[in-house]
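Below you'll find only one chain, the form predicted on its own, shown as structure tokens.
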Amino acid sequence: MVGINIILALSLNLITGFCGQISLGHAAFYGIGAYCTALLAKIGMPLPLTLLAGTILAGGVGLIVGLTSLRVRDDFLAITTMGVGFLFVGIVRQQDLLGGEMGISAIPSSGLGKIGFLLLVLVFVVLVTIWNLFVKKSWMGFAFDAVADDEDTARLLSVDVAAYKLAAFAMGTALAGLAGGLYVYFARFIVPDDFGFIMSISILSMVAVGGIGSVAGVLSATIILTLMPEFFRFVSDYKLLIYGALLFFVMRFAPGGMAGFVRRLFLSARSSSGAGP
């Protein structure tokens, strides 16, 4: 589950962390990948094809949402994506083909065994992490930074803002779909509430607490926030309260998240060690 959440958080980091596009409905694309994978697995399709189909479908829907969101930004974009999340859950609940409120159960196993499936998830975690680092340091990452900082200035510098926003949405939502497909084979049972607004906020918390745009920070925060309810059972009953408090604290006192806090400590230590008599 830690590995699946890392893929999910890094997928949002591509959209929000790198390109500055706030998404409050990211769990919908996680759900699209999950439901597509579950339905195809139920009819006997092999794991590679189900994961690929879920990834492509989530990325395709993300591209459509990106197209409809090109004319909005900031708060309006957040509200638009939040609406997509509510729309997805509402549609799933009303469709008997998708299991309705009862969800989809008895999903076939991956066929890889526990160790084999764990290794598969770890491989995807490594690949998605490498992709995030590559994008961050590439020309695409610099263009994303320009869009995130100031779209109007980016246009003046001949940056195709629409194209890069669409690229961020397509990549991020496709990877969310991949995480959804892996979750299906892990849980083997899904319900609409697994992909609701609360899940979207949980994903955003992992990105914000780790440090928006920081790959290492997002990795660290995701591991901590996923394992915390497991090691401290009393925390699980108050998970949403804790996530809300963490978001408030980070936005108010540490906008750079864990990564920014560690960076400041490091610079402070260097400054102190270099300040001799």
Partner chain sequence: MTALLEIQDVGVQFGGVRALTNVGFSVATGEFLSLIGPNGAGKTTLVRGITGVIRLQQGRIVFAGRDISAWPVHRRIRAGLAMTHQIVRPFHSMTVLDNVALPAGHENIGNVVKALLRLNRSPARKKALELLSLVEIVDVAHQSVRGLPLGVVKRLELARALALEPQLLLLDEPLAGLNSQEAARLADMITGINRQGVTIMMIEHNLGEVLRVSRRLVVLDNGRKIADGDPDTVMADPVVRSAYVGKEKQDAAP
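Everything numeric in this text was worked out from a predicted model, so none of it was measured. Positions refer to the first chain, counted from 1.
Omitted from view is the form predicted in complex with the partner chain, to which the following refers.
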(message) Among the candidate stretches 158-166, 116-124, 103-111, 183-191, which one is within 4.5 Å of the partner chain in the predicted bound form when only heavy atoms are counted?
(response) 158-166
(message) When the contact criterion is heavy atoms within 4.5 Å, does residue 199 count as touching the partner chain in the predicted bound form?
(response) no
(message) Considering non-hydrogen atoms and a 4.5 Å limit, does the partner chain approach residue 99 in the predicted bound form?
(response) no
(request) Would you check, heavy atoms only and a 4.5 Å threshold, whether residue 170 touches the partner chain in the predicted bound form? (result) no
(request) For the stretch 131-166, return the residues whose heavy atoms include at least one within 4.5 Å of the partner chain in the predicted bound form, in the order they occur. (result) 131, 134, 135, 136, 137, 138, 139, 140, 141, 142, 143, 145, 146, 149, 150, 152, 153, 154, 155, 156, 157, 158, 159, 160, 163, 164
